[in-house]
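A single chain comes next, written as structure tokens; it is the form predicted on its own.
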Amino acid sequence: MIKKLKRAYRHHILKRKLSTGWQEFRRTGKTSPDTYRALRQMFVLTRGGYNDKVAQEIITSIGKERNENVEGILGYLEEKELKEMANHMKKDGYYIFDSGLSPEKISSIVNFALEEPVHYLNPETGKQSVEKIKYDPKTPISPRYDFSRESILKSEDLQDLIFDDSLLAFAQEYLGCKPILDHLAFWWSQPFNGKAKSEAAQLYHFDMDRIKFMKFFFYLTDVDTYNGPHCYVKNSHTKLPPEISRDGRFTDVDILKIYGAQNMLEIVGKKGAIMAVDTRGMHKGKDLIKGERLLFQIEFAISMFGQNYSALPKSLIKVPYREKANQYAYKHIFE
């Protein structure tokens, strides 16, 4: 009885914090750190139920853009095919597309990633460097090298993916309403003797930046079991099991006990492979044993309520994409 009362009281406090934080967000477009912590805590407390309820309210209020047949990096997609692919992802939490990036597109992006300076994760402190360096695979100093979002937008090839019609259409079909570009990430990974595994996202965890969101991942290098495949727990994107009673990182042993080996997947693929993932589900990047991995990520959400990111200058967007940026509410991260 006491445990139930404590849970009910905690639910009441978190709900009040989130209600106040939501009103503040509507006025300012920002979410306070305290409200963001409450969002993550409520997700665990309700095992995802709070997110599902609020997400449906937001989806209903926003609605969809007209989603007819589209053509893009995923090929020519009819509305029926889009729905089928999105339904597969709703069931499993991920979807691997048949289409991929062309050799020419891959080569251009990789060349850019070798020339553009990056921040790197300090394996001793677990913090990202202030300085930028060019990634050199022959002299590794870190398990992870991250490009800034400003750097990402210097690449016309990456902008082509960010504003691709077929990706936008799939995101809308999965999320249930017009998608908002939430976040961009682009990084190199290398073996580094197991150091900074948690900071490099190499332990199982769930993401909870937003109420509801999804990500596209693009492999820019061949990825097998030895060089950092994306690991995902099938069906873990729905309701949290009772065993998950905290926010944080989890070992392989923890996840195996809770979900079973039959649901633990390693997603390998040739360079150019494209996948969509709901990272509300349990996932990690597997430790690299050899080689290297270059990965690009685009995240779409139904609302920017949650984690705060600094805005980027709209001048960085290629002219042909500025109208689309306004159409899909990219003003939340571009100004």
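Predicted, not measured: the structure shown is a model, and the values here were computed from it. Numbering starts at 1 and runs along the sequence shown.
FYI, the form predicted in complex with a small molecule isn't displayed, but the following is about it.
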| property | result |
| --- | --- |
| Triplet Tyr95, Phe218 and Gly269 all within 4.5 Å of the small molecule in the predicted complex via a heavy atom | no |
| Sole residue of Asn51, Asn67, Gln297, Gln307 within 4.5 Å of the small molecule in the predicted complex, by heavy atom | Gln297 |
| Candidate from Asp146, Asp164, Asp207, Glu173 lying within 4.5 Å of the small molecule in the predicted complex - any heavy atom | Asp207 |
| Region of this chain that lies against the small molecule in the predicted complex, out of 54-62, 282-290, 25-33, 40-48 [heavy atom, 4.5 Å] | 282-290 |
| Close approach of Tyr135 to the small molecule in the predicted complex, 4.5 Å, heavy atom | no |
| 4.5 Å heavy atom contact, Phe112 to the small molecule in the predicted complex | no |
| Tyr259 within 4.5 Å of the small molecule in the predicted complex, heavy atoms | no |
| Trp187 within 4.5 Å of the small molecule in the predicted complex, heavy atoms | yes |
